[in-house]
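One chain comes next, on its own, written as structure tokens: the form predicted alone.
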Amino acid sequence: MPARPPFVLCLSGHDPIGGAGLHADIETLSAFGVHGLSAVTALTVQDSRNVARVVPTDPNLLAAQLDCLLADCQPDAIKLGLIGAIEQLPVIAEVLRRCAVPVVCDPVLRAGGGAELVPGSYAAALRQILLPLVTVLTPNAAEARRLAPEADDLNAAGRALLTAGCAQVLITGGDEPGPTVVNLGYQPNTAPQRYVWPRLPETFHGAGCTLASAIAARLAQGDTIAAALQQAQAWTQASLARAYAVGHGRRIPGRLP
């Protein structure tokens, strides 16, 4: 029998358009030769332009799904995306403690089209309950500012999120102006690391999910955090260069050959 591939457990929402959420996670993991385990945190009504509705999974059902899954198999890493409700956070925190594997969190707060996906109190709850358990946090600049409202600038936000308990923070700059995309990496007791990428002419649906899943895949395969961040960003940049339209809105990353 061949050796099994690494497993990554993905907790995120379902995107019917196939650009973001669990669809993006599983495509990305497959591209890296990693098997995706999954639990749906929310169903959504959305297209390539925006999200119209989010329906969270009942926390008791989510807990039952995860208990059944984890009694049968053990992930090598966990990737968190859209979390449907504040009430799901303690369920997920218990799973993170139970599995004790690297955790990558893409803190989805708002759709790329502008729709708010979580209540106003969610960011503070996420920071308190989950961030101390996260290995790599991957907010975009707007999400970093919301998660660290006390910070005066992005550097202060990155340091504040480290203080909240994350081992590493990568603030992505695709939503910031400028001729290039500058992602900022933060880890304790070091200066921020700048990752500079060419800015592509299109807008994208699912870029954050793709990047976070790529990092999780590399960590599950045994990479160091530094190597996982570099390799995942380069791979995501290439997938964005291959992006294609599935509707009338933003393009989705070309994650598969």
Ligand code: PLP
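Quick note: we count residues from 1 along the sequence shown, nothing fancier. Nothing here was measured: the structure is a model prediction, and the numbers come from that model.
Another form, the form predicted together with pyridoxal-5'-phosphate (PLP), is not on view; read the next lines as being about it.
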Proximity of A216 to pyridoxal-5'-phosphate (PLP) in the predicted bound form, heavy atoms at 4.5 Å: no
pyridoxal-5'-phosphate (PLP) contact at L211 in the predicted bound form, heavy atom, 4.5 Å: no
Touches pyridoxal-5'-phosphate (PLP) in the predicted bound form: L82 (any heavy atom, 4.5 Å): yes
Partner proximity in the predicted bound form: Q46 to pyridoxal-5'-phosphate (PLP), non-hydrogen atom cutoff 4.5 Å: yes
Within 4.5 Å of pyridoxal-5'-phosphate (PLP) in the predicted bound form, all of H35, I78 and R255 (non-hydrogen atom): no
Answer option from A220, A207, L29, A232, heavy atom within 4.5 Å of pyridoxal-5'-phosphate (PLP) in the predicted bound form: A207
Listed range touching pyridoxal-5'-phosphate (PLP), judged in the predicted bound form by heavy atoms within 4.5 Å, from 152-160, 100-108, 67-75, 126-134: 100-108
In the predicted bound form: members of 15-42 within 4.5 Å of pyridoxal-5'-phosphate (PLP), any heavy atom: D15, A20, G21
